[in-house]
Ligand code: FRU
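First, one chain by itself: the form predicted alone, in structure tokens.
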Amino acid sequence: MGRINTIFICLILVLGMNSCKEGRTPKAEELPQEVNRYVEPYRPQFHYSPPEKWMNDPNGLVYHEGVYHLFYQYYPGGIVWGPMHWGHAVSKDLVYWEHRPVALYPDENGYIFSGSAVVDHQNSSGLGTADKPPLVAVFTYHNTDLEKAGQTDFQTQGIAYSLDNGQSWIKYHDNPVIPNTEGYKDFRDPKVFWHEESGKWIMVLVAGDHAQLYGSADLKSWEYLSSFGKEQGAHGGVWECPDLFPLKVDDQGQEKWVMIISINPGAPNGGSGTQYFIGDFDGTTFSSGQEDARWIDWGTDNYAGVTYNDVPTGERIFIGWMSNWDYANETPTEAWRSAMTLPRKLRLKQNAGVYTLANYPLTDLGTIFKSEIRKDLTIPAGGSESLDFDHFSQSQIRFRTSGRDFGLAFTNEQGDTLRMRMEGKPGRFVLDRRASGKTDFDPDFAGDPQVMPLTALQDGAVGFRLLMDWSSVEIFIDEGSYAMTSQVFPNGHYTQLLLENAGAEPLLLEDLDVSRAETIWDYTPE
């Protein structure tokens, strides 16, 4: 799939205007069959989602020969979790995506669980040639026969390789390359990278409640190196989907290492979440003096995220799965289920000796946003202002403010309300989706309002950025120092924004900009 087809734009706009008048999401059956894909209720318009069926964790994020690969956990047999495959999509810019056929299928060793991919530039594996280095996928096998037999060693690590940039794959003949000798029930999700200083491949994977590191010269034979985390970080659930990489500290020459670990359950707002550790890596051991749990995203719907290998700019780019295991199998979609977060650039900041990991949407994403409302807005103490806009459910809202006590409420003609509020004391941002639309499909979905502490937010004006799609909102404060991602399922597009000043002084929103987001899909059949 490519960019938008002009003929179909006109059709979609006409139908979209009719649906806006009725205040609801257009139904797929209202469109001609050849253009109804990606216009189903709640279908994201600028986030990646599969054409159909179930999707979860992003896998194998790697850049090679001009394209960014996005592999992902995929079940082609239904819209609930099932026997896992690797789905596949590619992009030249991380904005527009093209669907590819399933990359990896289950085999006699088991389902294909999460993992990573690398370009073996030096052909250290011998699976390619010097002129044609292989793309190597490293993944977890999950053997259900062994699991049903009561064994605990049913998860092992395997590899596959491609000589045509991911179009076809060959499983390594001697899989698995790492057996489960200790019998961990949860022994999975390998992330692999080349470590130049030690001259070897490094793998980090999870083993129940901690991470383990391995080293290899050829991606086929692996040696255990060390472990991390048995007594650090959050331990409310199983550890999953690790990542390990270096980052420069903003405005400094100093480099630190970051380890990402997803955990389910045990996230700060319930269910699934992703924590991170800042420390050092010497080629064998990762160490961190960090005692508190720190979170990449405080919302309920950013899980299993990992970063790209071999990005040509050297940036560290992160994508997460936009859901939560508390209710992932129950969300109210019919032909497909789940989407990915927007790609985000990770930055390492230091404030008063404390390192924090910021994440913020890529600059190139701005090409799809078209500004339609732009002004400075002053709201008197205790007052409110409203904005009407047909496309809040497909929009970007940006502003800067020194205010610390205000609220935002998105509403529609059906009476749904998605509420957000900034609270200067105790210093937090709150998202309340209890009345946002459909919430009764699972008792865990509405839940309590989601809370994000803002304990180190700087004084003065800071930037706020909200990105809303047909079934999600991503919130970034202070250029991603604080992030919150949440799914929402309104009964119709949000068309009004109420801005409320809860403070004792006038509230100035500088450079308030409301932009409509263009769809990244052309609606043409494959």
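Numbers follow the displayed sequence, beginning with 1. Please read these numbers as outputs of a predicted model, since none were measured by experiment.
Another form, the form predicted together with beta-D-fructofuranose, is not on view; read the next lines as being about it.
Undergrad: For beta-D-fructofuranose, considered in the predicted bound form: do all three of 297, 346 and 474 come within 4.5 Å of it, counting heavy atoms only?
TA: Not one of the three qualifies.
Undergrad: Closest heavy atom of residue 189 to beta-D-fructofuranose in the predicted bound form, within 4.5 Å or not?
TA: Yes, residue 189 sits close enough to beta-D-fructofuranose in the predicted bound form that at least one of its heavy atoms falls within 4.5 Å.
Undergrad: Quick one: does residue 304 come within 4.5 Å of beta-D-fructofuranose in the predicted bound form, counting heavy atoms only?
TA: Heavy-atom contact with beta-D-fructofuranose at 4.5 Å: present for residue 304.
Undergrad: Answer with yes or no whether residue 113 is in contact with beta-D-fructofuranose in the predicted bound form, where contact means some heavy atom within 4.5 Å.
TA: Contact with beta-D-fructofuranose, yes.
Undergrad: According to a 4.5 angstroms non-hydrogen atom cut-off, is residue 49 in contact with beta-D-fructofuranose in the predicted bound form?
TA: Taking the distances in the predicted bound form, the answer for residue 49 is no, it never comes within 4.5 Å of beta-D-fructofuranose.
Undergrad: Using a 4.5 Å heavy atom cut-off, which residue among 338, 212, 73, 395 comes into contact with beta-D-fructofuranose in the predicted bound form?
TA: By the 4.5 Å criterion, the partner-contacting residue is 73.
Undergrad: Pick from 325, 389, 355, 245: which has a non-hydrogen atom within 4.5 Å of beta-D-fructofuranose in the predicted bound form?
TA: It is 325 that has a heavy atom within 4.5 Å of the partner.
Undergrad: Quick check for you: of 51-59, 486-494, 38-46, 454-462, which stretch puts a non-hydrogen atom within 4.5 Å of beta-D-fructofuranose in the predicted bound form?
TA: Only one stretch qualifies here: 51-59.
Undergrad: Which residues, if any, of 76-94 lie within 4.5 Å of beta-D-fructofuranose in the predicted bound form when only heavy atoms count?
TA: Read in sequence order, the residues that approach beta-D-fructofuranose (within 4.5 Å, in the predicted bound form) are 81, 84.
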